[in-house]
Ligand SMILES: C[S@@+](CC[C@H](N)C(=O)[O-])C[C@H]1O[C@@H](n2cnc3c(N)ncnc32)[C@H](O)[C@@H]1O
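Only one chain is given next, in structure tokens, and it is the form predicted on its own.
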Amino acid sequence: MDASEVAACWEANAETWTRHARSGYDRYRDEVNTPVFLANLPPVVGSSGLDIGCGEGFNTRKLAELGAAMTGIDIAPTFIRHAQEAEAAQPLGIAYQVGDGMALPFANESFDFATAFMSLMDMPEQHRVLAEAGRVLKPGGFLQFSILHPCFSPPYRKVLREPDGRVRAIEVGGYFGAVQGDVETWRFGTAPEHEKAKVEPFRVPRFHRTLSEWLNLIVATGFSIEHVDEPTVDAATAEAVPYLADLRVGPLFLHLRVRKPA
């Protein structure tokens, strides 16, 4: 699957994805993934940042609210349209444009830092994305990104529950399988049934790499690994929000911060 086919999938997803995410149905993002990502972020006040695969701009706005001068890029025009509409309604100084993370339309050493929230694992040639991020970062700049955890969310993942609903284990498979564009179909799990019935499920291309492949790509690009996190939830949160309880048993996400040599 090439970049144009990936772009077509995400453009088809973008309208429903934006509406459902903004309705609060992406609970992993809102209650775990983004808060942990931002808590691990170095200070960005007064820095220039690039959000790669920005979607409808939710996380880009969070970065701008922290004081960064943000640019957001995404391959889906509908995502960019929604992001620009949000910027017009509440200006934060964010510039959005349609573009490909594997061929960033920016000059060398344009940004102090870059982020990629749950987008790199959906791109066909991740080595090109990392190389492009390194190219547009200033010396000493960092890239912080989140992906599906290669070990605990490989092509097959199933949450096993006890009869009372408590999570017992995470069943995984296909870790070493080559996945280059297989399309997964799914929906936000907490979306109401009447909402799910109105729309087609998302079609998301998957480009799975093992953990060692990710780490070797990072090293080969010239980055140094600075911080790693595997977000979880505490027992009280798992009890209050059973939908998130699987994160107590095994991580769903992997966060990495890597830095370009000064």
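When you see a residue number, it is the position in the sequence shown, counting from 1. None of these values were measured; they are calculated from a predicted model.
There is another form of this protein, the form predicted in complex with this ligand, and it is not shown here; the text below is about that form.
*Asks:* Could you check which residue among F145, Y96, F79, F142 gets a heavy atom within 4.5 Å of this ligand in the predicted complex?
*Replies:* Looking at the other structure, the residue within range turns out to be F79.
*Asks:* With this ligand left out of view, choose which of V167, A86, M102, V136 has a non-hydrogen atom within 4.5 angstroms of it in the predicted complex.
*Replies:* Going through each option in turn, the one that passes is M102.
*Asks:* Non-hydrogen atoms within 4.5 angstroms of this ligand in the predicted complex: do F152, W214 and L252 all have one?
*Replies:* No, none of F152, W214 and L252 comes within 4.5 Å of this ligand in the predicted complex.
*Asks:* Where does this ligand sit in the predicted complex: which of 116-124, 176-184, 88-96, 158-166, heavy atoms within 4.5 Å?
*Replies:* Looking at the other structure, the answer is 116-124.
*Asks:* Closest heavy atom of R61 to this ligand in the predicted complex, within 4.5 Å or not?
*Replies:* No, R61 is distant from the partner.
*Asks:* Would you classify G55 as touching this ligand in the predicted complex, given a 4.5 Å non-hydrogen atom cut-off?
*Replies:* Yes, contact at 4.5 Å.
*Asks:* When the contact criterion is heavy atoms within 4.5 Å, does R29 count as touching this ligand in the predicted complex?
*Replies:* Answer yes; at least one heavy atom of R29 falls within 4.5 Å of this ligand in the predicted complex.
*Asks:* Is there a heavy atom of L130 lying 4.5 Å or less from a heavy atom of this ligand in the predicted complex?
*Replies:* Contact check for L130: no, nothing within 4.5 Å of this ligand in the predicted complex.
*Asks:* Enumerate the residues of 7-25 that have a non-hydrogen atom within 4.5 Å of this ligand in the predicted complex, in sequence order, or give none.
*Replies:* The stretch 7-25, when checked against this ligand in the predicted complex, contributes W10, W17 at the 4.5 Å heavy-atom cut-off.
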